[in-house]
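Included below are structure tokens for two forms of one protein chain, each presented in isolation as structure 1 and structure 2.
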Structure 1
């Protein structure tokens, strides 16, 4: 066994946090929903304290809002936060695309091609979850190819609000169009054309600018300005 796999059992509080975070991200716990220390604790069969600490962690992630003496609520999706994350992604991934186009790391580019294949399959199967995960891996590989793996970790945290929105949008929008954009990006990277790679990436991420208002308008209860 890999020595790195030796870990200690995470605390109850951390486990509850992970569980809640996933459920929020996947839209299982909808924006605006009220959650209660007492209820969650009773449901799991533990005391209130670890649940409370999980709520605090969730609030640090921007996924919940604790209102003292009033209650704790799942955060609504902030349109401003989503657009901010989008802006940052466009700037950063444009630079990443330029860097990768210059070095053309074959191994990474091949893995990106495989992800596109997986996306085709997930699209055919109608498997939204698989599609989103592969989409993320595609973009993560770009950072890896640029030797900036840590950058993706930072972007991933910024994307928290965006991820929730995506679970709403992937059902509504044309996934094959997204895949086509991925293919264009990859083609430009393989061709070593930094300018083309950058503009393809920017166009891809600007797609969100038209989608976000539509999604927000469709379910206004889930969003705040």
Structure 2
């Protein structure tokens, strides 16, 4: 298990969990990989207890599974969980888009424009992690603009499996297409066109319906129904 990327050693179970969760979602710890409490604890320089607790939380996230007498393994990506999270996101974010289009909060829309600029740079640099982080901030700003920032926290908890797929899709597909969709959303918001904003958001989030079967076919060992 490669743990060389640790720059600041996590010390609490929450920190270990967040670090492991991020690495699973980024694909650094791929589906089917065995992870060891002993190895993680030794590498970080902490006791096994916080690591054990982090493993339990990771399993509750659906990102790991304990196999009796065999150990803990990174779970496969659940297509059902991905599609469920996508469905919920579309329903919620379509309403958020309508709300923001009606109020057009200038400061928030300007920040969304800056995120699109960051996405262009990340795309040019081939930096997938920066691109996805900016993508998340773009969508979080939509919730902020609607006065529903807490909603994003709820969505974020739902999309653990979806985030794993996003890291694969952003490497496999044209990121500039995603940027173009973000620009269409922003243009509709700035124009105060609630119908267009909702339509653009739904089209954007439905793109995953095309991507999921293609990625699953290309890497079948990574997925489960």
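The term rigid core refers to the maximal set of C-alpha atoms that superpose within 1.5 Å between the two forms. Positions refer to the first chain, counted from 1. These numbers come from a predicted model, not from an experiment.
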Can you spot the form predicted on its own among structures 1 and 2?
-> 2
Relative to the superposed rigid core, does the CA atom of residue 16 travel 2 Å or more between structures 1 and 2?
-> yes
Align on the rigid core first; then say whether the Cα of residue 36 has moved by at least 2 Å between structures 1 and 2.
-> yes
Large Cα move at residue 126 between structures 1 and 2, threshold 2 Å, rigid core = no
Displacement in Å of the C-alpha of residue 71 between structures 1 and 2, rigid core kept as reference | 2.3
